[in-house]
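One chain comes next, on its own, written as structure tokens: the form predicted on its own.
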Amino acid sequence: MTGHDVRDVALADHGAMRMEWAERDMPVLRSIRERFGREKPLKGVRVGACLHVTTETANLMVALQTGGADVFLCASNPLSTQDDVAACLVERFDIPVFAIKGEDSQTYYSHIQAVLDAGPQFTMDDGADLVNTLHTERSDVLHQVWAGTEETTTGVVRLRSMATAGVLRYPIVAVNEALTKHLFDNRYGTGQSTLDGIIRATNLLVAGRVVVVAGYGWCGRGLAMRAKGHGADVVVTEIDPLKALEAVMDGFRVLPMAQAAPIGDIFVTATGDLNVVRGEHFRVMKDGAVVANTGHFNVEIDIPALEALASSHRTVRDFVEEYQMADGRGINLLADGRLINLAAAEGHPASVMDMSFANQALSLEYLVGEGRSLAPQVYDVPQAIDQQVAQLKLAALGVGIDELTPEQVEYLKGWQQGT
């Protein structure tokens, strides 16, 4: 496979307008792109990116290209690609893109292979499928990779497992761990965009319904907060006693999934783990229950168990598959259990991805300079980059903050002064 593989390059004009709309709300990335254009810190660098192909990602790719990088892009999820955006990157910016919304698993992995065929020196991943393929199937390319970045929680978990097992071959910066990423993207982005996807897919009124949120990490927190704001009765399920206690203190009911299953109207998994909603839960769910996932992979919902319990199933709306139980109940699975916010909606708003992708761009710049001196481990984003992104975002919002006076600086350094 060479050149590109997108649905239709004739969609480029529409994609360009949507990229422009998103770019207006990404002032931090814009300022970085402008500096990159002057300084060319990525000149001659080959970057293989496996990310959700959205308007925001497209603006990141253009920023990297402006900085001098040769960029090759594939999708990190079969349902998350915006075909017009993929077309625009190919047609307007001559960036090789391999991504088609709704592609099957074979095509998905062939697209990853196409990016690796370019021989990237740096990887930029979302979920670690690119890195995993590189380590298991492409040793011919692996030796020339200097370093990489990882965008999301699931990918960071996978990469840390690789590092612990001693199989990770190059250093990777966990962009997800930046405070300006997970405190904002995961919480505010996921909270809003997940509800957006559910509402677009179902047109259900959230107010008055019982919404069960599985997992109270930063994504779960954001979703629970936004569902409550829509008037839902929110129930949280957890395995971590500290997170469960926090959910209680935040005003939510906390129940085991076995107790939540019979009372829930809408279920959303946000854990990053396997089979969170299982056969025993499907057996007691209400007629008309809606089940969705906002974690990276579609394994959080035990879809084979649902299929085994169902006497039949049918597509009742775009992204809504109704499974008919033997007792007449219907359970509605959204987007084949894949990321509902990207499958049925447009993913996170541009203003929050602005910070996430600013971290990506600056982390890549850092790795171009430092990557070869780092051991093959998973690293946090340097604090200076995190602080810089926050400062740029505040400046773009027109928000000023105080600075410590010299007296205050000295006070904080000392220990002698007491009550």
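The numbering used is simple: start at 1 and walk along the sequence shown. Computed from a prediction, not measured in an experiment: that's the story for all the values here.
The same protein also exists as the form predicted in complex with ligand ADE; that form is not shown, yet it is the one meant from here on.
- With the partner left out here, ligand ADE still marks one of 66-74, 388-396, 50-58, 375-383 in the model of the complex; by a 4.5 Å heavy atom cut-off that stretch is 50-58.
- The closest heavy atom approach of residue 281 to ligand ADE in the model of the complex falls outside 4.5 Å.
- The closest heavy atom approach of residue 155 to ligand ADE in the model of the complex falls outside 4.5 Å.
- In the model of the complex, at least one heavy atom of residue 348 sits within 4.5 Å of ligand ADE.
- Contact annotation: residue 128 falls outside 4.5 Å of ligand ADE in the model of the complex, judged by heavy atom distances.
- This chain is drawn without ligand ADE; in the model of the complex, the residue among 285, 334, 173, 342 with a heavy atom within 4.5 Å of it is 342.
- Applying a 4.5 Å heavy atom cutoff to ligand ADE in the model of the complex picks out 353, 357 from 349-373, in order along the sequence.
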